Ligand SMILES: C[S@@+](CC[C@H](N)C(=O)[O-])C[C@H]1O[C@@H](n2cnc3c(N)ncnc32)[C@H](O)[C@@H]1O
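One chain comes next, on its own, written out as structure tokens in the form predicted alone.
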């Protein structure tokens, strides 16, 4: 479940200190593995946007994985940002990592300003219409050929895995509604929206019997041009 967004009137500050412990209790190390298994594919990037950064674990790893990159983190939780700042400062990332406390739904990004974006368990906090708007803004902020690292909860196609996912998602959304005021009750079609925005998947990994999925997308400029012309 994404950790930070005011877009759905959620306040994740109360969970800032316990979020990592909660995810370990629920899923062991699989959320961590889902976040970072494809992170080395961003090694050559130079300007990385992280949305919903949370406690700074992604930015901390990127300091080593992408040594030439400047990293800009946007998060709506002041408590999460405070933890993230402390984490990257301890790794010498004060000059390469910047933080912004903002609601992504109300945030415009510079056009073609980044060559990579990271959304890890972030888009699941939006209604479908909101997610579509966010994906559109992100797409406009990326350079041609940019990479998009995505990880989130998904619903497997069939069988016991799908039933298990439905039960877990019901529990998770109920918990976050109780603890943070998050109003969203179901996953948006995030991967479809990313593909619709002109990106194609080039790598993927799954965890927890298909409940967690990581994908790396790359911007397909021709695909985006065709979609714009079709519209």
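Numbering follows the first chain given and starts at 1. Given the structure is predicted, the values throughout are model-derived calculations rather than measurements.
Although not depicted, the form predicted in complex with the ligand is the subject of the following passage.
Engineer: Give a yes/no on whether residue 102 approaches the ligand to within 4.5 Å in the predicted bound form, heavy atoms considered.
Structural biologist: Judged by the heavy-atom cut-off of 4.5 Å, residue 102 is in contact with the ligand in the predicted bound form.
Engineer: Report whether the minimum heavy atom distance between residue 150 and the ligand in the predicted bound form is within 4.5 Å.
Structural biologist: No - in the predicted bound form, heavy atoms of residue 150 and the ligand never come within 4.5 Å of each other.
Engineer: Can you tell me whether residue 19 touches the ligand? I mean in the predicted bound form, with a 4.5 angstroms heavy atom cut-off.
Structural biologist: The answer is yes: residue 19 has a heavy atom within 4.5 Å of the ligand.
Engineer: Any chance residue 88 has a heavy atom within 4.5 Å of the ligand in the predicted bound form?
Structural biologist: No, no contact at 4.5 Å.
Engineer: Tell me, please, which stretch of 157 to 165, 139 to 147, 88 to 96, 121 to 129 lies within 4.5 angstroms of the ligand in the predicted bound form when heavy atoms are compared?
Structural biologist: Of the options, only 121 to 129 has residues within 4.5 Å of the partner.
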